[in-house]
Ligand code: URA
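Below you will find one chain, with nothing else, as structure tokens; this is the form predicted on its own, and questions on how it binds or moves follow later.
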């Protein structure tokens, strides 16, 4: 039975910024599906993402999150990625390190990406929320972002997609699907079926944290089938061994 495998340049400021600066303090109502702007050349893409990061790190729109956060977890990976993974929100480990998916679920995601023949350096990883949801009265654990928090923070992700314009997106879990598509049907019903996010193909699948709780081979296979579909969409090479991951040999 196979397991998940493990696995520059000087930016130039574009003459015309691809997006206007976002207010870092005012709570605004985001566009649900803003159209994608024209794509940027590689140097302009790097400069635009660097500028957006600076803006996001100064964000104070959610006072409750600002007062409890240690870091703004902007995103990680290459701005030239063809594949974007989107999760829910930072957890405790992510809040400390300032990078998405670095805890146990992040380790599993890294192995999942490796099983696709890629590395974290080949993709981009971000979350619906850039700050860890506060948990007053709790010493551990996480909570789901509120609808209001997601609506307030989602413009940052819209802008990241404006810059990245990936060939495909993988939405990890129900919250990511809700934040990106506004759909609350449940991940069980949506996973494995291609959706559309602003003209970009989007594959909903289970969050790695779900696989940590439910390690049944059948559930791992479902997620792997979703990733195989993404690989096919991106025209990545797929070996017979990869196609056979998590299949019974009986």
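Bear in mind the structure is a predicted one, so any value in this text is a computation, not a measurement. Positions refer to the first chain, counted from 1.
One more form of this protein, predicted together with this ligand, exists but is not displayed; see below.
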| property | result |
| --- | --- |
| Residue among 220, 45, 61, 207 with a heavy atom within 4.5 Å of this ligand in the model of the complex | 207 |
| Contacting member of 177, 89, 170, 113, with respect to this ligand in the model of the complex [4.5 Å, heavy atom] | 89 |
| Any non-hydrogen atom of residue 85 within 4.5 angstroms of this ligand in the model of the complex | no |
| Contact flag, residue 94 vs this ligand in the model of the complex, heavy atom cut 4.5 Å | yes |
| This ligand in the model of the complex: contacting segment from 148-156, 161-169, 100-108, 76-84, heavy atom within 4.5 Å | 100-108 |
| Contacts with this ligand in the model of the complex - residues in 121-135 whose heavy atoms fall within 4.5 Å | 127 |
